[in-house]
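Below sits a lone chain in structure tokens, taken as the form predicted alone.
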């Protein structure tokens, strides 16, 4: 639940999601659920030459099991908060 709570705090910020098929989609994080399924708005594909069929997609739902990485905005990462949450998770509470 650590990542779910963390991603919920990032709603409204721009993120880049890299999928297991090498597709990278950048957009505004609209929502995330407990399975880490992600809904993005105002999306665009990072490598438009490689994925031209995705140019018209503006909103998308991404199943959590196909996500390889989520790149966060540098100013959106509160390292101290993340460390504290990881410690609480490790202690089981």
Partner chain sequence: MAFGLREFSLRAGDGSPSLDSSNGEELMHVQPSVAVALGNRSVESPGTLYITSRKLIWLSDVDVAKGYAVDFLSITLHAVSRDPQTYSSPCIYTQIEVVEDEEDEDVTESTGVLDLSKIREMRLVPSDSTQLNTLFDVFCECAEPNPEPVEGDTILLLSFNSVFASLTIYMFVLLYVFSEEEEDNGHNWVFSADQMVIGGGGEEDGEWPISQSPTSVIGHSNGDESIAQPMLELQISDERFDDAEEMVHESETRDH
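Residue numbers count along the first chain shown, from 1. Just so it is clear, the structure is predicted and the values come from calculations on it, not from any experiment.
Beyond what is shown, the protein has a form predicted in complex with its partner chain; the following relates to that form.
Every member of the trio 23, 52 and 62 reaches its partner chain in the predicted complex with some non-hydrogen atom inside 4.5 Å. Using a 4.5 angstroms threshold between heavy atoms, residue 47 stays clear of its partner chain in the predicted complex.
Proximity of residue 19 to its partner chain in the predicted complex falls within the 4.5 Å heavy atom cutoff. The shortest heavy atom separation between residue 37 and its partner chain in the predicted complex is within 4.5 Å. Its partner chain is not drawn, but in the predicted complex it has a heavy atom within 4.5 Å of residue 58.
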